[in-house]
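Just one chain is shown here, as structure tokens, and it is the form predicted alone.
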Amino acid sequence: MVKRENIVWHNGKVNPEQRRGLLGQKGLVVWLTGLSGSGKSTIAVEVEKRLLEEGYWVYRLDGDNVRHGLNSDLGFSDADRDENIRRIAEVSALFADAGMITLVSFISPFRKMRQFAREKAGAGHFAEVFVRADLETCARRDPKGLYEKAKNGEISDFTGISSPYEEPEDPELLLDTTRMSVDESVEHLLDYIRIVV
């Protein structure tokens, strides 16, 4: 990473507590991680809708969507995956500072980068949610046809097939979508968020 010179942090006159007081909630980064097809995006879409209906300030950052814009210059090498997560960790930390609930649904395969995201958001403002589904279940669901392409050699560096996924060791919440329905997963996550914010 290039170190920039002649850049000085410019403090404002509004602090996070003032923003949180105005919104009536604290900023929280809800980081959904898991294999492709585990249900991260499906759960996040429904949770965003429900929270908004309940009057919460919420925004959803989806891995595929972000790669259409902010991260469109990145590939899927380990270095590019790290940079993908670094950028979104920085963005989600800004959202948390603004008092938003931010639902981040990214595979984010490496523990060190999920830890980086946690540190960026700050203590008490980050929740790692492991959306767990075994490889066989994810491949059977295959909503985007990616597992089939990876199996046929059309996609290299595919998480769970030719690139590793490091499972969370101590997530704030575990949603096992091989055993839980989407509705059950959504309710569990909503219950957690309502308590924390």
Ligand code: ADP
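Computed from a predicted structure; not experimentally measured. Quick note: we count residues from 1 along the sequence shown, nothing fancier.
The discussion below concerns the form predicted in complex with the ligand, not included here.
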{"property": "Stretch in contact in the model of the complex with the ligand, which is absent here, among 52-60, 30-38, 65-73, 159-167 (heavy atoms within 4.5 Å)", "result": "30-38"}
{"property": "Non-hydrogen atom contact M180 with the ligand in the model of the complex at 4.5 angstroms", "result": "yes"}
{"property": "4.5 Å heavy atom contact, K26 and the ligand in the model of the complex", "result": "no"}
{"property": "Touches the ligand in the model of the complex: K149 (any heavy atom, 4.5 Å)", "result": "no"}
